[in-house]
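Only one chain is shown below, in structure tokens, and it's the form predicted alone.
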């Protein structure tokens, strides 16, 4: 299976929600849609799912144009931010319902459901109704239901947003293995770059409904094609240096070093990040963020520098990369 979007557009009240969006998601590939709130991530998923209609463009699964096919006939496994569980049914019955509709043998239904309940750490909640579960538990039930559908395409919209940090870390490897094991294309929406990098083989960065850049996590980090991508990818955020004439120069905090005879700086803030310290330094280039080893005692006044090969240069007019 291959999911293909060609020049997809959506306009509401003369406002572009999605603009000329094109990409492919291959068999067994997870593509993350990453960007800030309102950039078009969830709107793209709704178009793929058939819940909204595009203003223009096409959507294909393999060679089949599904643009005008109803949502119910697209065979897509969806997990959205709303759980959409049947409130009057137990967890077990919520999960079994789809398998019954496919007329699977009872023994197979039982094996599949209890297997996914175990993976999602929900065995003890099988007989509870959604109202008796926490938000994180309801999200896990929604995830389990999508996994049981065995769809042509998986669409996941912030599927772990209601889970605590420890459970997210525990579930990421198992969820990635499960959703990729069947060979279907996966589109994974998140605003969390750490989650995108952990879950996806490629990331598409969206900005105001348009595609800024698509590539591997390493490609986006090491060679951002726009200032927007450079600033959005990487924590702590990349430094934007002032006092440049025709272009914007940026440097990542980890590429800055203590250097004799370098740029004079004054320490204004210090944070401990486990292995490293984050220093915020005031300089003639503005505020500069720098990472350094945590066992270094930093004086109030220091000099810093970096290799010119580590600089990222962008057009002052367009924000696009120029080297």
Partner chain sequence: MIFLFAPAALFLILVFVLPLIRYCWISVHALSVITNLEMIPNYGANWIRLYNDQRFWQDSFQTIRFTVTSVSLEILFAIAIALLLDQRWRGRGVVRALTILPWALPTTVMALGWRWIFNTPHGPIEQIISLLGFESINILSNPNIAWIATVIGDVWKTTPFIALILLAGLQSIPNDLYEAFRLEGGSSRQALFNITIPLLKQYLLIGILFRTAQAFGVFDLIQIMTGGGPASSTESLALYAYLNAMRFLDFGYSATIMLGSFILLVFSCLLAWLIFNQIKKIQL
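Source: prediction; values computed, not measured. Residue numbers count along the first chain shown, from 1. For clarity, a rigid core is taken as the largest C-alpha set superposing within 1.5 Å between two forms.
The same protein also has a form predicted in complex with the partner chain, omitted here; what follows describes it.
Only one of 248-256, 89-97, 208-216, 182-190 places residue heavy atoms within 4.5 angstroms of the partner chain in the predicted complex, namely 89-97.
Taking the partner from elsewhere, no residue among 232, 266 and 289 has a non-hydrogen atom within 4.5 angstroms of the partner chain in the predicted complex. Comment: the partner chain is not present in this chain, but in the predicted complex one of 71, 126, 241, 198 has a heavy atom within 4.5 Å of it, namely 71. The listed set 61, 49, 39, 30 contains one residue whose heavy atoms approach the partner chain in the predicted complex to within 4.5 Å, identified as 49. The closest non-hydrogen atom of residue 78 lies within 4.5 Å of the partner chain in the predicted complex. Interface membership of residue 117, defined by any non-hydrogen atom within 4.5 Å of the partner chain in the predicted complex, is ruled out. Contact check for residue 145: a non-hydrogen atom falls within 4.5 Å of the partner chain in the predicted complex. By the criterion of a heavy atom within 4.5 Å, residue 167 is excluded from the residues contacting the partner chain in the predicted complex. Comparing the forms between this form and the one not shown on their rigid core, the Cα displacement of residue 99 reaches 2 Å or more.
The Cα shift for residue 113 between this form and the one not shown, taken after rigid core superposition, is 2 angstroms or larger. A displacement of less than 2 angstroms separates the C-alpha positions of residue 73 between this form and the one not shown, with the rigid core held in common.
CA of residue 51 to CA of residue 104: closer by 3 Å or more in the predicted complex than in the shown form.
Whereas the displayed form keeps them at a certain spacing, the CA atoms of residue 178 and residue 104 lie at least 3 angstroms farther apart in the predicted complex.
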